[in-house]
Structures are given as C-alpha cells and as structure tokens.
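There is one chain below, alone, in structure tokens, taken in the form predicted alone.
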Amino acid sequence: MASDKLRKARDYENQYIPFVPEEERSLFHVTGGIGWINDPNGFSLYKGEYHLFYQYNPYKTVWGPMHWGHVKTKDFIRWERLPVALAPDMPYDKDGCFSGSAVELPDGRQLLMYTGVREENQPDGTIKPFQTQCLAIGDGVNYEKYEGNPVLTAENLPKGGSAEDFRDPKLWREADGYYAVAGNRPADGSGSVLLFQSDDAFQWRYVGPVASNHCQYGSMWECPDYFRLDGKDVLLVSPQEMSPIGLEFHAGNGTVCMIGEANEIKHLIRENVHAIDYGIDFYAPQTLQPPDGRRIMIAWMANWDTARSQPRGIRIFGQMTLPRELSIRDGRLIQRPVRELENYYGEKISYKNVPLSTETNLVGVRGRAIDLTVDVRPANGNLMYRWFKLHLAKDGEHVTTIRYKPDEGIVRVDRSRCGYRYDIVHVRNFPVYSKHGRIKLRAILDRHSLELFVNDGEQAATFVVHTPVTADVISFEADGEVLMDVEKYDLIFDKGEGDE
C-alpha cells in the first residue's frame, strides 16, 4: 500500500508534469517528470523490458528529499514514464532513499536495493547521517519495503568503516547466489568498495574489499559498479574531491575505470586506471547486461560543481546520458552509443575528401538532433596542420567548439558561449591517442546536450549545453590543410516518442 509521502509525490507528478514545456525536455535522453534528478538507479532487465530508476526530487529543481523516479524502455531510446517508485517514508530512510540497483527474483518479482538515510541530532549540536542498505519488492510499478529492513548496517562494516558514508549498492546474481558492492569511507578518510554476498538476496554477509583508494583518487568512492567484460574485470567508481592528475583526471567530482583481474574473493588486481568520461557533465554510471550479452552503461549528465547554475524559470533539471555499449580494446574501456539509435536515423548526408583550410559550411550539415561523424587527416602527407575545429549549435551569439591540435594530441571542448551565464567550468582538455594527425570525432547532439566520442569510442566527453535550439549551424575550420569525411544523420522522433 502506498504511503502518504508516495501518494503525494505521484499526485504532484500527475498535476504538474503536463505543464512542463516540451522544449525543456530532451528528445531522446531521459529527464525527470518534473523537478530535479541525479544518479541513475536500478538499471535492469525485468520481464523483457529495461527499467531505469533515478534519484528524484519532484518538488524543486535542486537536490532535496530523495525519491526514486521511474521509466522503462524496450530499445534504450524511447522511454515510458512510470509513477514514482520510492519515497522517504520509513524511519530508516526518512531523510532520503539514496542510490541503488535492481534485479529480477526467481519468483518473478523485482527487487530494489537502495541506501536508506536517517539523520540524528548529536550532543554537540551537529547533525549526523546514518546510511544503511534496504530492500523493496514489487511488480515493476508498485513496491513494498521489506519488513526486515535495513539488511546491511554499520555492524556489517569492517573495522574503521563509516556508517555516515556507506551507500549506493550495486546488486547482481551469479550461479552461487547474489552479490552487491557498496561504497564506504574507511578509517583513512578516502574511499573503498566493499563486497557483500547473500544466498537469497535478503540475508547478507560481508566478504571483503574489492578495491581501496588509499587517498590516491579523490576521497569517498560513490556509485560503484563491478562486472566482467571481454575477459577482464571492470570496476567503475565516482570519487568525490579528486585532485587533478595531468589531463587524465580533473579536479572535483570525477569518474574512474579500473580494469584488471579479480582473485578468488573478487578483490581486483588493477592493470589499468583511467577516466570514464572526459567531459564536464558525467557522474554515477551504472550498467546492465541484456540477453544479447552486451554491457550497456548510462550515467547522470550533470556535475555537482555546476548543477547549481541553472537557467531561470526551468521546471526540470537533470538528464541521463545516451546509453552506451562498452567493450575493452588495448586495455581501455571503449564506449559507443547503443546501436538502437540507428533505428531513428533520417536522411544521410555524406561528403568524402573535402579539402579544408578556412572556415567552411557544408550543404545539409546542420541541426540540433543529429549524429555527426567527422574524419580528419592531413591533406599533404607529412605536412601537419596546426589545428582543426568543429563548431556546433551555432548562431550569431552562441557556439560550442571542439578543437584538436595534432602536435599536442589534445582535444579541447569549449562551451563558454553555449548559453550558461555563470562563472563555472566551461572548458575541458583531454589527451587522445591518434596517429599521423588523423582523428575521428562523433558528436551526438540533442536539444540540451553534446556527447562526443573520439576514435570509435576510445574517449568520450559529455556536456550539457543551453544554447537556444534554433542555433543549429555547424561549421568546420582548420589552420593548415586537411581532408575530411563527413557523415550526418538527423535523428527523427514522431510525436509521442522519446522521453514521455
């Protein structure tokens, strides 16, 4: 039976979602019904459909009392909105239903595992949060919280583990039972990922650490995900308070991919560590595995350091990335947009061997809901060009620019003129692995976003943009002589399709 808080949230959605202007929503990226969203939760297959929950404050466009919003899809592109799934309505989660995951049980029910938060006043006047792991069981629409909650508490933590920073369980099933990883802050104040095991998904025990930070990559590690991919074990984490490391990791809240081999107790022996996404707006990724064996990842397309800088008068804030197919090549995580996107291609515009030395526009190459690929190389063999620029979402006032300098091997994305009017980070530089000045840039634009994939997914970079949707000019520019191939598709969605 729905609680008063859950009914209130569902009624609020029903009353106010119809008044959200359509142009505020992305065409094919998940947004909340109304209000604020952040981390993706419960990205999972249930009864033949893919469900996605998300951190949700329906009442304001700022972080607040965390609920779980809910959508589902059959193809990762068109999403159906469902009622709010969870509200903070129990003593153990009264101050928030934080991030978590989901799995289908053998009896056909769907199990949600999430972090419940309660805050308590301390004798010194401070407020201390306590975070525990909780369960809810349902039918894909309605969920009842488990009477045995919480199922993991501070008593399950190793010595020195913090009950204040113990969150974001990622749950999965194997032949010998259920496993979950969760983030925790150990005694050294940094981050760790802990492994838990259960025979039935209801009674849990601590196994040991999957990985420990030792203050190397930021502090608290949030939103872990742990899976096998192409013969390797992969751990994804989102560290807080990172220090910059060259151009690989930027300061602030970041994301880290660790690739290696797990031992017999699933502790990860690292072989490679790198950023997951090099843009400004990417956090808390979560994955699932469809029946076809792919590994699909989705993430929150925002940043804690810039999320307070919102356009005035908006009714919704936050969106998810386009789901991405993952693989490993040469020890690195490779990301490509899900292939289902191709089912929404409109007319193909293609150019081959276009000579370029000054700023140029190409007939038919423009738009704000497009999939654009540009392949660039020197025009005269070993005579290297100095830089290449791709200008997107452009009009007389606005533009977002991607620049590549082959002598440095660096891509620079600058959204300073994309419509944000705040003194926040607008530029990212990151290294790429191109040879002989050749680079391949794939840019996917939606109304309010740019997702860039470099060299068939070797690097990805994600950016929110607030350029008016009427700014749809695309131009190309070079200092020096280049040849380029261009392939562009409009992304076509009939009325009623996309995020509804």
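Only a predicted model underlies this, so the values are computations on that prediction, with no experimental measurement involved. Counting begins at 1, following the sequence as shown.
One more form of this protein should be noted, the form predicted in complex with a small molecule, which is absent from this view; the next part is about it.
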Check each of 222, 281, 93, 225 and return the one that places a heavy atom within 4.5 angstroms of the small molecule in the predicted complex. 222
Interface check vs the small molecule in the predicted complex: of 66, 454, 465, 34, the one with a heavy atom inside 4.5 Å is 66
Of 160-168, 307-315, 383-391, 137-145, the segment with heavy atoms within 4.5 Å of the small molecule in the predicted complex is residues 160-168
Quick check on residue 459: any heavy atom within 4.5 Å of the small molecule in the predicted complex? no
Is residue 99 near the small molecule? Define near as a heavy atom within 4.5 Å, in the predicted complex. yes
Proximity of residue 38 to the small molecule in the predicted complex, heavy atoms at 4.5 Å: yes
Give a yes/no on whether residue 44 approaches the small molecule to within 4.5 Å in the predicted complex, heavy atoms considered. no
